[in-house]
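Just one chain follows, in the form predicted on its own, and it is written as structure tokens.
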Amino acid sequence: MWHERDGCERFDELISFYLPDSIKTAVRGIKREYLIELEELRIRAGQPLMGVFAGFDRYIGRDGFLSDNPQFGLIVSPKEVDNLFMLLCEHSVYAYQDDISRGFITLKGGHRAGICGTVIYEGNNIRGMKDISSVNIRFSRQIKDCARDVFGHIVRNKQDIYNTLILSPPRCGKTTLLRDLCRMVSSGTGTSFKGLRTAVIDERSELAASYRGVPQNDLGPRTDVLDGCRKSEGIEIMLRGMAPQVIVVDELGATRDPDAIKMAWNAGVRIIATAHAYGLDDFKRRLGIGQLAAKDGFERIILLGMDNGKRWVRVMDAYGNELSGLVKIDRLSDGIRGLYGIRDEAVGKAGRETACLIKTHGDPA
């Protein structure tokens, strides 16, 4: 699980097409063993360029060296942020107005750019943004077969699955796991499990990462995607029009979500969903959605977490009985593990690179 890695090639098109020259040079200078673990690129006007690696962050220098000291990071100018925003919109802010009003733009390849700035209202509704101050580019990372070890636990028989809930704190991989479970349910695994008609309510445009109507991620051949729609409304639309056998949704939590999930169950449709929680008891205490883990609710619970840079997973039934032992998945490269372990100074190999830079060119301060 989590054993496959996308190569650096997945960044090439995004880096070449969207990033301003100075940021492009900095990102391309990051060593490969770090680059393959880059999850987010945080670009703020007047602030140092920052990368997020497996849940922690480092400042990125103009030549790609990494440090936890902000003075060594490339300072991004307001003009560069504005240029980046125009590139993300392909120089047509109007064409992306709906996305901008939701706070993010889905990019070709499934990557996503979150946007902050001055919000423009029209009545009670957000119409757009101006004076863009920061952009957060989240790199798409589909890891096929990462759900292989848990898939057997959610299969009821070769033509049915259990209603399944994935729980974890933020940044532990639940959306990545959900995406792969969706692909496997839709595709089937041969004679042992036949693929099922699957509907995805992609409220945040993250599961399928549709770009101009075309999913950038592989969710399987029997999957229909409703993009940018609230889960409560999307479930009803799919039930009326697409006759799904399974509905997949990400991040339960809205007040209308429990009734929509129950409506699907009453129609005989299975649900695979995720939610933020630190465990089953934590989820059960949530107002509204907590009832979905009670009797006659979700039948399989998948818990995810991270311990010292290692992701772990366990599967339980609705009564809390463990169906699989605690499995730790070592996903971090040696270089990134070095970065992960040291918090308060220039770190690992990157720290040594920074030290060499200071010795050669002098302390920038």
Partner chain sequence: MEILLNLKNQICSLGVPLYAAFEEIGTEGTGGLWSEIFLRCSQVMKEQRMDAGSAWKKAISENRGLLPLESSDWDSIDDFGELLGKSDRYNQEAVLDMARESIAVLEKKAEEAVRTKGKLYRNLGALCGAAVVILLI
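Numbering follows the first chain given and starts at 1. In this text the structure is predicted, and so the values were computed from the model without any measurement.
As for the form predicted together with the partner chain, it is not shown, yet the points below apply to it.
When you look in the predicted bound form, the only residue of 75, 242, 263, 86 with a non-hydrogen atom within 4.5 Å of the partner chain is 86. Only one of 294, 254, 95, 214 comes within 4.5 Å of the partner chain in the predicted bound form through a heavy atom, and that residue is 95. Across the options 225-233, 138-146, 162-170, 96-104, residues that bring heavy atoms within 4.5 Å of the partner chain in the predicted bound form belong to 96-104.
Shown alone here, residue 127 lies within 4.5 Å of the partner chain in the predicted bound form, counting heavy atoms only. Taking non-hydrogen atoms only, residue 90 approaches the partner chain to within 4.5 angstroms in the predicted bound form. Residues in 254-288 all lack a heavy atom within 4.5 Å of the partner chain in the predicted bound form.
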